[in-house]
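Before any questions on binding or motion, here is one chain by itself as structure tokens, the form predicted alone.
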């Protein structure tokens, strides 16, 4: 029986991972050991075999007793513990939701519906570090896998609309606090049919710019607003989140030697959960729209085409509709006036599922021979 250590299971991604593993019966047939960075010795979760004391997540000797380590603890933990564990002589498999090891030469970014062939090749060659990808990249590739599989994409732009949950639990709570503050300020005016809308607009605008408005996490208002900057700035003008679009897309697809150009702008919006993207693709030739539609729907079990019609778009192609599901709807698909080889579409997916926890869960299943 394989011993699998879990770190970071209390956070957002870790909680979703455990929820999915319970739902799929993944804890059966493995010895699960739960680690903590702050509460060693306290009772751990019961995943079917009773509760056991939590172990110290910085104890290299204890971690070295695991066949597989699964971590959702974050990049700082990975950078501190992973090299120590490898230096200790541990040769087990490390499965990580954080970005710290994504671009290392001896790691692979895992998204098995898209790159199972590369994963299998990596396993055969002795790769031991398997890393979940950037949320927006993973969601985009799940939606448009068929176009990349066909080799039709010459270049692509991705304009993202990323939710508060992509920044963390504290940011989600701050968004709710901002919404509550605006609701309190505007409730009376909004409910009064005789009130002047410009007065309501002025009060909300003043509140957004007030020093008392809660912006500690985001650094700016997100409710009734947006933030066109995610992650650190880079020397070429992109943010690191925008850089990941090209770097990680091509690594997932195994195209580092001949990369597809990918660029765009990443924007934080006031959605609680789920990331959306407006995509423009330059195809290598004029592909009939019906063939593009077929490629999207047939690529995997989760991408689904939404007809480019108002009613079904409003009902299904939104964060609210996708929240908590594994569906990756792709809609607003059409040829562009730029030319017959240009296509645009819009896609949305739950970044805590296919964007984070699900590739990690499935990679563990692959290592256990279950998938």
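Numbering follows the first chain given and starts at 1. This one's a predicted model, so the numbers in the text were calculated from it and none came from an experiment.
A second form of this protein, the form predicted together with a small molecule, is not displayed here; the remarks below concern that form.
Novice: Let me know the one among 178, 276, 73, 115 whose heavy atoms come within 4.5 Å of the small molecule in the predicted bound form, would you?
Specialist: Selected option: 73.
Novice: Exactly one residue in 325, 42, 51, 38 has a non-hydrogen atom within 4.5 Å of the small molecule in the predicted bound form; which is it?
Specialist: Here the answer is residue option 38.
Novice: Is residue 141 close enough to the small molecule in the predicted bound form to count, meaning some heavy atom within 4.5 Å?
Specialist: Residue 141 lies outside the contact set for the small molecule.
Novice: Classify residue 21 as contacting or not contacting the small molecule in the predicted bound form by the rule of any non-hydrogen atom within 4.5 angstroms, answering yes or no.
Specialist: No, residue 21 stays farther than 4.5 Å from the small molecule in the predicted bound form.
Novice: Does any heavy atom of residue 349 come within 4.5 Å of a heavy atom of the small molecule in the predicted bound form?
Specialist: Judged by the heavy-atom cut-off of 4.5 Å, residue 349 is well away from the small molecule in the predicted bound form.
Novice: Would you check, heavy atoms only and a 4.5 Å threshold, whether residue 262 touches the small molecule in the predicted bound form?
Specialist: Outside the cut-off, so no.
Novice: Taking 13, 97 and 135 together, does each of them reach the small molecule in the predicted bound form with some heavy atom inside 4.5 Å?
Specialist: Per the other structure, all of 13, 97 and 135 touch the small molecule.
Novice: Which one of these stretches, 187-195, 163-171, 219-227, 245-253, sits within 4.5 Å of the small molecule in the predicted bound form when only heavy atoms are counted?
Specialist: In short, 163-171.
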